Structures are given as structure tokens and as C-alpha cells.
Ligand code: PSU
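Given as C-alpha cells, the chain that follows is alone and in the form predicted alone.
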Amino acid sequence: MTTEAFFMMSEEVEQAVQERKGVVALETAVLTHGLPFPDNLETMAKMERAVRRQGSVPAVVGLHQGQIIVGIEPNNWEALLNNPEKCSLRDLGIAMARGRNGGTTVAATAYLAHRAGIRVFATGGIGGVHRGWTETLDVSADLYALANVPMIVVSSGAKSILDLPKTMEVLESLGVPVVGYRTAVLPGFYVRETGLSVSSSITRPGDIIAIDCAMRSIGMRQALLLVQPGPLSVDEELVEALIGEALAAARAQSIVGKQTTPFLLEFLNQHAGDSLKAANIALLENNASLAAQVAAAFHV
């Protein structure tokens, strides 16, 4: 087990990395700020099982009492829910120094997983350019992390609450390729298709390895974003109507900054019945499974 003052890897994850086995990083922001209790714990368990079914090792990443842990054990997941911080890159040092619990976002998880020697990361939807960005300049740190962390990130596109066309433009500007798994169109998290074209597409999990190896051979540090639609698509008109209500509620309550996404997701979970939550959970499990197949393909 690797232990430093603020950074620890579980024995299972460290051994898997050293033995060049497939390892998949899993974020904990979905646990602490993405889904209500107890759905969050049940979903994390589904994601972990999905990774193991494909022959890879899950590495749940988060902060417990100020210590970063790569490979948090299931019996410690609930402990993270005790007054947790939502930790993106800018928040890590502060949360560590203050001994806080924290759920790591896409940006923070990708950075920490790469530091641990992990090459594949599964999430639900990445952050991106927020709607109304011309007034707020609210652009997720996820995009800048994807421009600088050489990692394969598996998601169902970007979160539906975002300005998806602008998010794709920024990804292009930052040199981050978006590759569709059995799709030529960007999925929109809850929605199966957005009408936005991806950079390329593949039909087998292992096909992404050749692209990744080509990028790394010439020193490219951008992440490779592999996207697939979720198994349960929700009607686009319903999603847009609910997002409109959620944005209006956020403005009325002066919700800004890093609290915006958790607020919007909680609003949607509370006002959409079970349809959006079920779609969210299904795509998280599905993405974990695909990421595990990709991770295992590195070592075939």
C-alpha cells in the first residue's frame, strides 16, 4: 500500500497498476453531490460490480479527512457523505489542508488517477460550458483538465444542463478528440442524441487503444473522450422544460459557481419523478462497464 501524507492507494489498486492489469478510476462527486441517498451508494456499488465483471479493478477516488484515497473500500463510501466538499482541482489543496471529506469531480479524479498510474476513467457526463456563459463566464474546470491529462475518459457526453454546442467548440479548441462508441453523434447525458457530430467513431472497445497510443507516441497530453449513449433515453422536450425550470430556480436563489451543477441536478431529481434518475444511474453503470473493457484491452 502506497501512503504519503495526503495521498494513499489501496493495496488492490496499487498491485493492479504494478502488474499492468486493467484499472478504472471512478469519481465520487456523483456519490457526494450527484444522486440522493441511498441511490448514490447503490449506484457506486453497481459501477464497481460492472468494472469487476469485465475483468478490471475499480479505483474509487475521493478525500477522507483530508487524505486522497485512490481505491476507497465500499465500507468507507458512506463516511464521505459526512459534510463533504465538492472537490475540483482548485479545491483539493484546501480540502486536504483542512482535513475535509470530499467527492472528486471529473477534473480532480482524472488528475489524481493519472498521478496513480491509471489510464482509464469512467463518469456520467463531463462538465462544460454552462448556459448563459456570456454573462457568467462559467466554464467547468473539467474541460481544461481534459486538455492536460493523458487519460481515456468514458462518459455519455456532457451534462444536459450545459450549452452543448459551445462545450464541443471548446473541446475542439483545446485539442480534445471526442470519439463515439457505436455512434457518430454526441449523446447528451439524459438524451440519446444531440445532433452534434463527434470527431470519429469506433465499434469495439479495444479500437480506442490504437488512437490513445498514437496520441501518446507524439507526446500529446490531451485526454481522449470516449462517449456512448445511455441505455435509457429521456424525451428531449421533457428534459429541456425541466432544465429551464431548474435554471430559473437557480437564478432566483442566486446559485453560482461550483454549487450550480449540484443544485441543478438535485432540482431535476426532485421534480422529474424517477425517469431522469433512472437514466442517470443506468448510464453510470453502462459507462463503467465500457471503461473496464477498454482498460482490460490495454493488456490483451
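Start at 1 and count along the sequence shown; that's the residue number. What you are looking at is a predicted structure, and each value in this text was computed from that prediction instead of being measured.
Beyond what is shown, the protein has a form predicted together with the ligand; the following relates to that form.
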Worksheet item: With the ligand left out of view, which of V30, V239, A50, V57 would have a heavy atom within 4.5 Å of it in the predicted bound form?
Response: V30
Worksheet item: Ok, L196, A141, L81, V170: which has a heavy atom sitting within 4.5 Å of the ligand in the predicted bound form?
Response: A141
Discussion item. How about H130 - does it come within 4.5 Å of the ligand in the predicted bound form, if we only consider non-hydrogen atoms?
Written reply: yes
Discussion item. How about A246 - does it come within 4.5 Å of the ligand in the predicted bound form, if we only consider non-hydrogen atoms?
Written reply: no
Worksheet item: Does G34 make contact with the ligand in the predicted bound form, using a 4.5 Å heavy atom cut-off?
Response: yes
Worksheet item: Is T105 a contact residue for the ligand in the predicted bound form, using a 4.5 Å heavy atom cut-off?
Response: yes
Discussion item. Within 4.5 Å of the ligand in the predicted bound form - does that hold for a heavy atom of every one of G125, K159 and L265?
Written reply: yes
Worksheet entry | One stretch from 196-204, 212-220, 174-182, 141-149 that, in the predicted bound form, holds residues within 4.5 Å of the ligand by heavy atom | 141-149
Worksheet entry | Sequence-ordered list of residues in 177-203 near the ligand in the predicted bound form, where near means a heavy atom within 4.5 Å | F189
